[in-house]
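Single chain ahead, written as structure tokens, the form predicted alone.
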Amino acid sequence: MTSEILNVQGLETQFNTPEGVVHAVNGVDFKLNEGETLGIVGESGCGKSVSMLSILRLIQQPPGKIVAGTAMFKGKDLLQISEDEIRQVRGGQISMIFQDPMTSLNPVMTIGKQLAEPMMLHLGFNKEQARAR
């Protein structure tokens, strides 16, 4: 039996702009069990990236603001824990490859090295352990 690792409920993120408030994410809900992979698809501008950036608290504040919801990860609400705690989660337990092709992956490094690097930095793995993982 797999255990629930991430439960996002009622996530809402908005941005204040000169034209008014933009409701970028409205009531996103999903659950992810350990070992599962979740694909999020949708048209450009529908809130996919903002949803994931919100869960990792990487939304620039201001102008952005997470106004509602929970993101329970291993019993802790990622939207409420301290900055030190969320830094421990980022890279060490949850990673994100950003969609901008010029900044997401380094074209002069192998994919394997780029995937191993966070495990070596955050989890203390050596090269062999990271490669095996």
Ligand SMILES: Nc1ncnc2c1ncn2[C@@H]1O[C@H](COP(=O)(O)OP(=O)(O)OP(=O)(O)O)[C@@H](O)[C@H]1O
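When you see a residue number, it is the position in the sequence shown, counting from 1. Computed from a prediction, not measured in an experiment: that's the story for all the values here.
Not pictured, yet referred to below: the form predicted together with the ligand.
- Listed stretches are 104 to 112, 72 to 80, 88 to 96, 22 to 30; the contact stretch with the ligand in the predicted bound form is 22 to 30, by a heavy atom cutoff of 4.5 Å.
- Although the partner is absent from this view, G35 stays clear of the ligand in the predicted bound form, with no non-hydrogen atom inside 4.5 angstroms.
- Although the partner is absent here, E43 lies within 4.5 Å of the ligand in the predicted bound form, judged by heavy atoms.
- Within 4.5 Å of some heavy atom of the ligand in the predicted bound form lies at least one heavy atom of K48.
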